[in-house]
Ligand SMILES: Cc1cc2nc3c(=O)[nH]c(=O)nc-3n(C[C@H](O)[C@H](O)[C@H](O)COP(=O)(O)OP(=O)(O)OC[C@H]3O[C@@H](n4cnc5c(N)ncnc54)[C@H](O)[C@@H]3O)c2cc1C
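Take a look at this single chain, the form predicted on its own, given in structure tokens.
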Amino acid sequence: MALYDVIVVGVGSMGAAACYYLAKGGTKVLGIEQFSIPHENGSHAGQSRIIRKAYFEHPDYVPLLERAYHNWKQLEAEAGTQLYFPTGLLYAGKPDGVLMKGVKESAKQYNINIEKVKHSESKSRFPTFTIPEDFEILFEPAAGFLIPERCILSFTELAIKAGATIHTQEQLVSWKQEGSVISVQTSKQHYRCKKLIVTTGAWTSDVLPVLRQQLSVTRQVITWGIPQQWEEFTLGNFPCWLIDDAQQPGMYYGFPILPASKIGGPIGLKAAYHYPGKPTDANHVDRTITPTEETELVKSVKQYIPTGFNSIHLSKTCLYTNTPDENFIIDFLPNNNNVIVAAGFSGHGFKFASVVGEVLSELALKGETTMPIGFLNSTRFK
């Protein structure tokens, strides 16, 4: 029976990146994925993910983002494909709201370039938006989006080229610590490893029941619409955007129309609501989207982008894995320094995959990381 240095369970956003960094360093690594790579059952599909530095959630994320930007650029060079598209990001909301306060705080603390946009100026710069007069408008030029499927495939391909073994359509059944070795049983085989990395997204509670109280899974709806004037909303003419809705908690966000022939579908103008949706079980998700869910989302978005959604082309579901404070967990398992977990990415984690993979690799091989992840420890909820 083969003994691996590290087994990574879950080869999605974080797992694929971890396999890449481990294999690149010459580590004997096995990645196990229960679905295909990539897949649409979890949190990482859907064509586009925003990346931004003026992080409203917490300024402590900014150093991780600086490294993530650096790592994405390196991955692009190695993979020979564009992964990051700088479109700029329009922020809007009440000046004292959680979004605008947080963006300004992070920008000030880390000297991030943020432009203040006057309402008179916004009408010419961003003519497709209708922003309430009592909202503040900011613009982050260096923000944009990543293509998640392309990122995950690039990490996985380069990991395999560097010597990683990656198995798909193989499900973890159980694992246990046996002395200095971890025994891993899957639906197909039995393996052993020195270190185990768990990056199983919405399935983390199944793999690590000790974290069940800290992780809740919710079902999210994303929609792609057909606008009145197609060209106004295409890549190059329209930015990514994030608007703090004053009527209810959470935020609306979206992307330009991407060229499906070059990037892949879905087709249309993508928008979604960033706030935990209906609680669900990752193994029993209702993927049926009701007309009411679509209508409510589009109605809210049309307040700010009146001509963006003439009709709905397609809607999909994805999953959030939420922690009580909406910050990630990246740490060793309590009382076990041979098991490392990255979880609870709460709908804002993908942009960090390139740095999280590097961090997980360092934790597995060195037992520590140079990156400032102390605020993401697993014991902070006790």
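This one's a predicted model, so the numbers in the text were calculated from it and none came from an experiment. A residue's number is simply how far along the shown sequence it sits, counting from 1.
The same protein also has a form predicted together with this ligand, omitted here; what follows describes it.
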Which of I131, L235, V207, L153 has a heavy atom within 4.5 Å of this ligand in the predicted complex?
-> V207
Within 4.5 Å of this ligand in the predicted complex, heavy atoms considered, which of F309, Y304, F139, W203?
-> W203
Verify the contact flag for K28: yes if a non-hydrogen atom of it lies within 4.5 Å of a non-hydrogen atom of this ligand in the predicted complex, no if not.
-> no
Any of the heavy atoms of H39 lying within 4.5 Å of this ligand in the predicted complex?
-> yes
Should K53 be counted as a contact of this ligand in the predicted complex, where contact means heavy atoms within 4.5 Å?
-> no
Is Q214 close enough to this ligand in the predicted complex to count, meaning some heavy atom within 4.5 Å?
-> no
Sort through 167-175, 123-131, 296-304, 80-88 and report the only stretch with a non-hydrogen atom within 4.5 Å of this ligand in the predicted complex.
-> 167-175
Does every residue of L158, K195 and S361 put a non-hydrogen atom within 4.5 angstroms of this ligand in the predicted complex?
-> no
Determine the residues of 31-50 with a heavy atom within 4.5 Å of this ligand in the predicted complex and present them in sequence order; the list may be empty.
-> I32, E33, Q34, F35, H39, G42, S43, H44, R49, I50
